[in-house]
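Heads up, what comes next is one protein chain in two forms, each shown on its own as structure tokens, labelled structure 1 and structure 2.
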Structure 1
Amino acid sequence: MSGAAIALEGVARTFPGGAQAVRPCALVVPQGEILGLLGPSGCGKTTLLRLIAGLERPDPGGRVLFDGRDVTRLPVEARHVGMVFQSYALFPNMTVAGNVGYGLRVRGVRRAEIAARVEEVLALCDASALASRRVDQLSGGQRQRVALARAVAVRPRVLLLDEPLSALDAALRERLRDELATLLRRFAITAVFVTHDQAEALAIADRVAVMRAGRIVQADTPRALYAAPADAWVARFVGGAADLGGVVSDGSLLLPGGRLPAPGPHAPRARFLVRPGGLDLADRSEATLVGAVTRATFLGDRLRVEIDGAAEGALVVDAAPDAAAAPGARVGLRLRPGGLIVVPEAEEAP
């Protein structure tokens, strides 16, 4: 397949002891794409990344292809990948420049050439000032940039990042998330990164592959993933949708607390979900649905209201921060445009 930087065919990984971390799966990453592997912890996303890197071997029968070439049997040192580890794994016995230049040194590149390339890459990562620092003198954000510079210095075919932001504290993480997205596009490189944080995945990736229990359940652009989840699990995991339950009758979804417009046609066993932003509090006269507030949490820019009795389960609604919704009060609800998510009934068992 031309244009595919990475292709996985029937790749699975069973650990000694029988646990299958990755079920047979196929994945194609086109040249230049930034793919996010998103899933809860233990879903096999890191194992899948390590299979691509060559740090793990797939079960017999699986194939890993780089640019159409079978690299399944090559160890990691022969695959020419760049890898950023979760803990960054910078070599404490080398300076920043020593770390960044190590891949080139191993390849026997001449000293002067290494120095030039190190300088270039550090500049690209806005880390030129760090060159002669020792690794233990770096802050978390600096470490992350050095790890990235080290990985790209060898001009790898693909860049692999394992939870590149999770070692940072929350405030820094958000800033570096956008920085990382910018840098990855500046390198114009095929990249696969693993994350458990959906905001991170949606912000950085061109395409997100959602994993659950060793399987890729959906691989789509962030918008498509959000707008059209493959099943109810994806809808719940990405964007925190809640199941409404109810039955469809005559273009409406009938619920314990009223009804919501649900113009068809629908698959016979479709399921309906709604995210916190999909509903809005409304005057009882305009509302199509009524429920009782069980809790209201002020979050600054919005009021998060939990409501019972409207749908079959509890609902969460993000309302305007000044909305009147005291616990115990009965409130009316109205569907926002495009707020209703419809997925097929079938939900693969984990």
Structure 2
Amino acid sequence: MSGAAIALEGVARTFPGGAQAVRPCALVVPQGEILGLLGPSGCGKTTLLRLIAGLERPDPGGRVLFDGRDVTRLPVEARHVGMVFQSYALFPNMTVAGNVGYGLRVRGVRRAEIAARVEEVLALCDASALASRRVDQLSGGQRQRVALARAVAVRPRVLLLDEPLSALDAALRERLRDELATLLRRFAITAVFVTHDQAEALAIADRVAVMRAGRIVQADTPRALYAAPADAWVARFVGGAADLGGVVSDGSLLLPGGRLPAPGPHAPRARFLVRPGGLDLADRSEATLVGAVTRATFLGDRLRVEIDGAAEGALVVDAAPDAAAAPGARVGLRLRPGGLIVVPEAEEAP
């Protein structure tokens, strides 16, 4: 299969009454890329997906292009996109093969070709054994594979997925996250998917566009997004970073509970943050920060420890599950290599 390159030029969407769901944005999705649209509820990511699909029309002046061709005025059925919804929207009165072949039948494809195409995509989705089953006999993971097979059976130019894992329970969602990433790469098609789950976006996408209040605030590879967030909001949203506050003096960040190394140069008004994995609990004699434990939550593979007094705000540290960190205890902290995140002071208002 092959996909179309997508380009958005000045695309915005304002609803009747003046609410602007998507603010003017530019975005390019190269052919074959898997792009994740990540952001909190109400940030405009599903509206942006619908603008790509043709289910919404952008404000005047905005353009949607597939392979350089302006499709802004084309209806959804003329754009040749495949869609997978949160509920999967499978037909319960049909078999798996019937569901997968439905889009081909309504397009008037010959019966023999439908059978061959259904067999091909079910094999791609590791779902050949399900062909004769009814939808109500399928597990959540099997329904996901069938929904994907149906979407790609029509050989769309672009595959669009709206929260494809949100209907699943937490354990199944984590397992199917990797399976979805494998399947999307097997299709070798341009895909855009919406999610509010940062782990899902980082695990599946080639590139992630983070949205806030209708704007794309950063679009980058998962590694680059995590390592170099554009501002403090992105750092907090992707990875749960905490603001340290403090003042830089002689290569150190001075904090209420001690100091951290902050070798420069830094912008005069830079902000310093750290994620839960950026600090280690340490013996107080070897620590560079000291604070008081306010809460310790056992999560199986780690102990999540909340600490006050070390920085200007509360810190969260992911420690070993058997770490000694009882509420009320004073503990030492040491920065891990690369644990400090530095962003500009300015943060774009929503």
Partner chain sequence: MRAAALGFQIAVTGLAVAFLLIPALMSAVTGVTANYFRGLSSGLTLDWVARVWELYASTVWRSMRIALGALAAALLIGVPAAYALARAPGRLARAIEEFVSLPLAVPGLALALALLQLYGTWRGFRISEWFILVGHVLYTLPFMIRAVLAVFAAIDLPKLEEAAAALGAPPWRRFIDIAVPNAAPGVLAGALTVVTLSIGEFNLTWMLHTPLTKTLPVGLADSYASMRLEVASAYTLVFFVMVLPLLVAMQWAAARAQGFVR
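Think of the rigid core as the biggest set of C-alphas that the two forms share within 1.5 Å after superposition. Every value quoted in this text rests on a predicted model; they were computed, and no experiment measured them. Reference numbering: structure 1, starting with residue 1.
Which of the two structures shown, 1 or 2, corresponds to the form predicted in complex with its partner chain?
Number 1 is right.
For Asn99, is the C-alpha shift between structure 1 and structure 2 2 Å or more after core superposition?
Yes; that C-alpha moves by at least 2 Å between structure 1 and structure 2.
Tell me whether Ala129 is among the residues that move between structure 1 and structure 2 (Cα shift of 2 angstroms or more, core superposed).
Yes, its C-alpha moves 2 Å or more.
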